[in-house]
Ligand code: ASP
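The chain below stands alone and is given in structure tokens; this is the form predicted on its own.
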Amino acid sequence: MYNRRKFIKLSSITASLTALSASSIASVLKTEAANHPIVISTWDFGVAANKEAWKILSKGGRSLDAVEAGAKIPEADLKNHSVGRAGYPDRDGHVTLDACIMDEQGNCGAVAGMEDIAHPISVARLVMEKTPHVLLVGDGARQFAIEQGFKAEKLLTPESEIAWKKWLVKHEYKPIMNSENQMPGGKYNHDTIGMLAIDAKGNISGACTTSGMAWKMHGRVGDSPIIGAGLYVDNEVGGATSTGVGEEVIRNVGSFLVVELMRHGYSPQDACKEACRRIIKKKPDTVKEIQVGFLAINKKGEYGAYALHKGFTFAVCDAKKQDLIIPGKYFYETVKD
């Protein structure tokens, strides 16, 4: 039988345990929310894209709106010859654009091989929101965009046209490490931009956009508009995106693989590393000449990246810093910068 003294002692212990439990729960919630909101993206030019996304995230906006706004920055940059309106053409002189977007509810949309429309990421979002489909391609994507009010315009800029005509002299197609688009004069520029954001509510969205490999075969589509390859988001786990030679990413369903590895306890960096390892295992000779990189973020806002070769970078933007550039980890040192 409990007496008064035992009852008071038991009540004191119970109160202490309750307080400890509440404190522990608060600590866990604080840790999980520490990196929200946050946006990360591939390559150095992701800094400008992140800053645009941050305008939305810092005001409590939705991650989907943030990644769309961010992706539109490199799409509109006339100095960027691997994303958007100034992208280098295929070997026949056509500028064809690819993009996809995915929200926290698993909704997604994409366009591939689309001509004459400067912002494929926005068209991809409308495919997601206004059609029963996920992917529209070629003339169908262009038609849909125009029906939605987008302006059709010539995307082959004078600078890109000059570069294409110089390329035609030798007509040699060879992807360049860390820059799938080779520019005349020995200069290179990077390729796809993939973005992942977590908003103040903890919801994750992602976007990926590119003009694809310069001088590609007409009709070629890489991983960027393929959900599960160039981009994948699971709001319970995290998100991942990729860059580099898309064929190898597609063969391994790379971004989906990274997210599934995180589901099973891998850190973002370790998940990206394992995805690269799978590519190496399947194509040990091929990977010595190409670059593939993965970037990932988990539900807590922890992020990481890994690439086949040295040279891959990614940008991070949160409440602490808006212009952070981080070199990705890699397997091989031998790379032509």
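All figures in this text were calculated on a predicted structure; none of them were measured in a lab. One-based numbering along the sequence shown.
Keep in mind the form predicted in complex with this ligand is missing from the figure; the text below concerns it.
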Exactly one of Arg251, Arg220, Lys201, Arg263 comes within 4.5 Å of this ligand in the predicted bound form through a heavy atom, and that residue is Arg220
Considering Gly84, Gly238, Gly246, Pro89, which brings a non-hydrogen atom within 4.5 Å of this ligand in the predicted bound form? Gly246
Only one of these stretches, 238-246, 103-111, 253-261, 128-136, has heavy atoms within 4.5 Å of this ligand in the predicted bound form; which one is it? 238-246
Report whether the minimum heavy atom distance between Pro74 and this ligand in the predicted bound form is within 4.5 Å. no
Any chance Met213 has a heavy atom within 4.5 Å of this ligand in the predicted bound form? yes
This ligand contact in the predicted bound form: Ser205, any heavy atom under 4.5 Å: no
